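Next up is one chain by itself, shown in structure tokens, the form predicted on its own.
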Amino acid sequence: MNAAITTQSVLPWLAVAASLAVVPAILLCDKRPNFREFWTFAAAFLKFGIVLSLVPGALRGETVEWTLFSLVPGVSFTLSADPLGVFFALVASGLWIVTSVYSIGYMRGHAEKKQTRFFASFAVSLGSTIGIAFAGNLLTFLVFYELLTLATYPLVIHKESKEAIRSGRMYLAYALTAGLCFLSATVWIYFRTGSIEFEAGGMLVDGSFSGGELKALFLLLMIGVGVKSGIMPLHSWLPAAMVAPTPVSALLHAVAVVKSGVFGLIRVTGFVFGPDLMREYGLDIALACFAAATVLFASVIAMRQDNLKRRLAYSTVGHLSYIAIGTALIAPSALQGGLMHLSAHALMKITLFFCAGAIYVHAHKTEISQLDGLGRTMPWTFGAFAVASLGLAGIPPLSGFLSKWWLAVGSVEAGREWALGIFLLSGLLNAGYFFPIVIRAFFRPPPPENGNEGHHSPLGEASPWMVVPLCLTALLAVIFGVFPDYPLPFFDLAYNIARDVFAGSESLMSTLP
């Protein structure tokens, strides 16, 4: 990887350390929750500030890199803040701030036990996520990828019920098996090439591997990142993990775990194999077929779920594969659309999970069939839910429309109009499983309560600690749909990343607008 060493070289490490360093302070403040949450906020804002400082350089195509140590020649523990890493870190660190606010309202409002363990695990999870974003090679990526698995396990089993423990074991079984596959591929690549450094456009283009070997490596790496990407049939752990508290669900779906998976998928396709090898050996077709099937099957399964969080979970499974299709189409605009969908989906899905948590904590409802008329007493919550639902269905002017637009453009550029059909059909299925929830909440009469038919108890809204974050993320979904580079330059970063990945493929690069 070509890297410009600058005085900013320490910043990627500081971004990772910002949350890891406060873990002891959080643990020591077990009996002083206000101080415990102070450290959570301090780390969140510091991390976001550090990532923001890296954005101007990323827009100029610069990479900030620093090697902590080398194990053997060609194998180092390196953090490298390239444009793709900065893009993902910007999404994760920004959403961590609002998730921290929301988590305080949820954990206190529901009187959850072991809150100190929760916030400490939360901090390690976000530190690991930024480590994944800035990983300069396969080894560094794998270390933080596995650390993220271990850090999120206590969050998945937070309730410590039989169901939670069972879901946690399933999560570990899937994630650690995926890690072993990724490790096997990493070792294989190192012993054949002597290097494991990421390279925009691909690091395996020197002809060191036969076609059969490349296909086997691709399978190992795709299992490695596919589990957390939720690609069927590797997705089962994700709906099961919905037993965790809602802030954990938001962390899994919007900020850290599954986004780390699709980020890893982009790293593998664009920075390990590259567009030319993907197309030459048919790897793009294989990935596109699995991703397209995942989009459709997950959407159909989502329509059958009455539990709100499970419906949202299957929606996530489907939408993650939008990003997978974007990488598999081998077209610059499609990759740009996939990157835009990474940020758009994160914003809108975190809104939906925030809403689900507010409904659960305040109204004690978990099933969609229980939501009749509830929008009349919780208008801000369900208004935000409606905005995010419209966005994920691809309705303009929300950010989900913009990402789907570029995915559609990329489908035509790649000469694979069938993918355009998948996106259009999926949009209809999205409307089919989201819109009935909004209609129930606002337009159906409330069920009879205490003999007073048609009237809910005057519940009002949940705590401002919960309602303000979900309204803010819904508002940002609108702002980024109209102004995709304001207040953060996601669009320009996505364009630059696509340009870098396809720079060595002249015939493919010519399609970039």
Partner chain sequence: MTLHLPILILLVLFSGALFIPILSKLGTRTPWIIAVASSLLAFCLCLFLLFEVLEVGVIHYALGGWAPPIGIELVADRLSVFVSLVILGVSTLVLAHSRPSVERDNGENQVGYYTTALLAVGGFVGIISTGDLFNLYVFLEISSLASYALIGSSGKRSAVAAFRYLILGTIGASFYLLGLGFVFINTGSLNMADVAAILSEQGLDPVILIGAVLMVIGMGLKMALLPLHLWLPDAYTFAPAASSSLIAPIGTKVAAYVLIRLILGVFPTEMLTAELPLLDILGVLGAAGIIWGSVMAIPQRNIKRMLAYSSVAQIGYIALGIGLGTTFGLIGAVLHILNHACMKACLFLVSSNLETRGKGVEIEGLDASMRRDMPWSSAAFAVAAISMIGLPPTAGFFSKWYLLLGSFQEDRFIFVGVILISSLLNAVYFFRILERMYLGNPGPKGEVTASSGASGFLLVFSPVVLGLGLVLLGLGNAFIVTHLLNPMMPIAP
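Quick caveat, the model's predicted, so the values are computed rather than measured. Residue numbers count along the first chain shown, from 1.
The form predicted in complex with its partner chain is left out here; the points below concern that form.
Q: Tell me, yes or no, whether residue 197 is in contact with its partner chain in the predicted complex, where a contact means a heavy atom of each within 4.5 Å.
A: No, no contact at 4.5 Å.
Q: Please run the contact check for residue 280 against its partner chain in the predicted complex: heavy atoms, 4.5 angstroms, yes or no?
A: Result no; residue 280 lies far from its partner chain in the predicted complex.
Q: Give a yes or no for residue 70: in the predicted complex, does one of its heavy atoms lie within 4.5 Å of a heavy atom belonging to its partner chain?
A: So residue 70 counts as contacting its partner chain.
(Q) My question is simply whether residue 376 lines the interface with its partner chain in the predicted complex - judged by any non-hydrogen atom within 4.5 Å. (A) Contact with its partner chain, no.
Q. Which of these residues, 157, 408, 386, 234, gets a heavy atom within 4.5 Å of its partner chain in the predicted complex?
A. Among 157, 408, 386, 234, a heavy atom within 4.5 Å of its partner chain in the predicted complex occurs only for 157.
Q | Listed residue (296, 180, 424, 439) with a non-hydrogen atom within 4.5 angstroms of its partner chain in the predicted complex | A | So the residue touching its partner chain in the predicted complex, by this definition, is 180.
Q: Verify the flagged residues 75, 143 and 146 against its partner chain in the predicted complex: is each one within 4.5 Å by a non-hydrogen atom?
A: All of them do, each having a heavy atom within 4.5 Å of the partner.
Q: Using a 4.5 Å heavy atom cut-off, indicate which stretch of 172-180, 282-290, 226-234, 100-108 touches its partner chain in the predicted complex.
A: In the other structure, the partner sits against 172-180.
Q. Which residues in 121-139 have a heavy atom within 4.5 Å of its partner chain in the predicted complex?
A. The one in contact is 139.
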